[in-house]
Ligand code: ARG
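Encoded as structure tokens, the following chain is the form predicted on its own, with no partner shown.
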Amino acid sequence: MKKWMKKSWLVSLGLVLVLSVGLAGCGSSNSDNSVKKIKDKKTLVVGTSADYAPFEFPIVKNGKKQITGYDILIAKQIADDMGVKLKIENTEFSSLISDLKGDKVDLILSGMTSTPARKKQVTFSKSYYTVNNYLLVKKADANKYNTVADTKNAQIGAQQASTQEQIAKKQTKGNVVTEGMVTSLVTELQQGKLDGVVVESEIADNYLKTNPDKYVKAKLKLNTPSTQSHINVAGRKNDKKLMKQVNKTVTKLQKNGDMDKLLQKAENIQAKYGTAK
């Protein structure tokens, strides 16, 4: 009798555990309403720091100031694929992840690389751009910074909380100065307050293209670790359905060749309208 009761109790316990696991699984699946929330409010809110042409930058079009650029055009494609409007929230780069975690924005598109430290806080899409980094200097200093030793006591600028700040601190012997906006750093470089600014390849090339008489890339070689070279869309860790939707759009743009066309379009927009203050 006791043996039968023990066996019956074990079977009952097993059924309870199976049901509990099943219900927990259903609950976790149903709790991800990240896509539904956006579709319900009919707007995708994207955080960016619009000081990073051609990725994101302000222009004045038809008398109105607006944010555009490569990342913004990608964000528009994501919103279009979801059937919603796009809203851009412009803030300092160092505030973007806290804004995302605080539900102020749905995604981040801001030339953000998927570093190990950031992966602990947010989730990332598949990469849509790979970068290197350079030391941007005044044209008069083209031959001044050839080695790490040449940067001793130099004033080196880098965007606050960026991978460029880490690279500047680890790969130069200069005094690293950080600012919230890259445009402010480049202005200080132009004014002689800084000797160089560490920026990504596309950003450096953009300054060379728009100001060929002012800036050059120093001969100093900076190493960009693979863990800091891939630009991605950032989202909240629990928003798996939303990131799946983002990856779907990124994959589509890469396969049909539109990803490269969007970068070219952003560069054309900048060439036509310039960059607003």
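Since the model is a prediction, treat every value here as computed from it, not as a measurement. So that there is no doubt, residue numbering starts at 1 and follows the sequence shown.
The form predicted together with the ligand exists for this protein as well; it is not shown, and the discussion that follows is about that form.
For this session: Have a look at Ala75, Ala158, Met112, Leu194 for me and say which one sits with a heavy atom within 4.5 Å of the ligand in the predicted complex.
Result: Among Ala75, Ala158, Met112, Leu194, a heavy atom within 4.5 Å of the ligand in the predicted complex occurs only for Met112.
Problem set entry | Partner-facing stretch of 214-222, 43-51, 237-245, 59-67, counted where any non-hydrogen atom is within 4.5 angstroms of the ligand in the predicted complex | Going by heavy atoms within 4.5 Å, the stretch is 43-51.
Exercise. Any of the heavy atoms of Glu200 lying within 4.5 Å of the ligand in the predicted complex?
Worked result: Yes.
Problem set entry | Thr172, heavy atom within 4.5 angstroms of the ligand in the predicted complex | No, Thr172 is distant from the partner.
Problem set entry | Any non-hydrogen atom of Phe93 within 4.5 angstroms of the ligand in the predicted complex | So Phe93 counts as contacting the ligand.
For this session: Determine whether any heavy atom of Ser125 comes within 4.5 Å of a heavy atom of the ligand in the predicted complex, and answer yes or no.
Result: Although the ligand is absent here, Ser125 would stay clear of it in the predicted complex, with no heavy atoms inside 4.5 Å.
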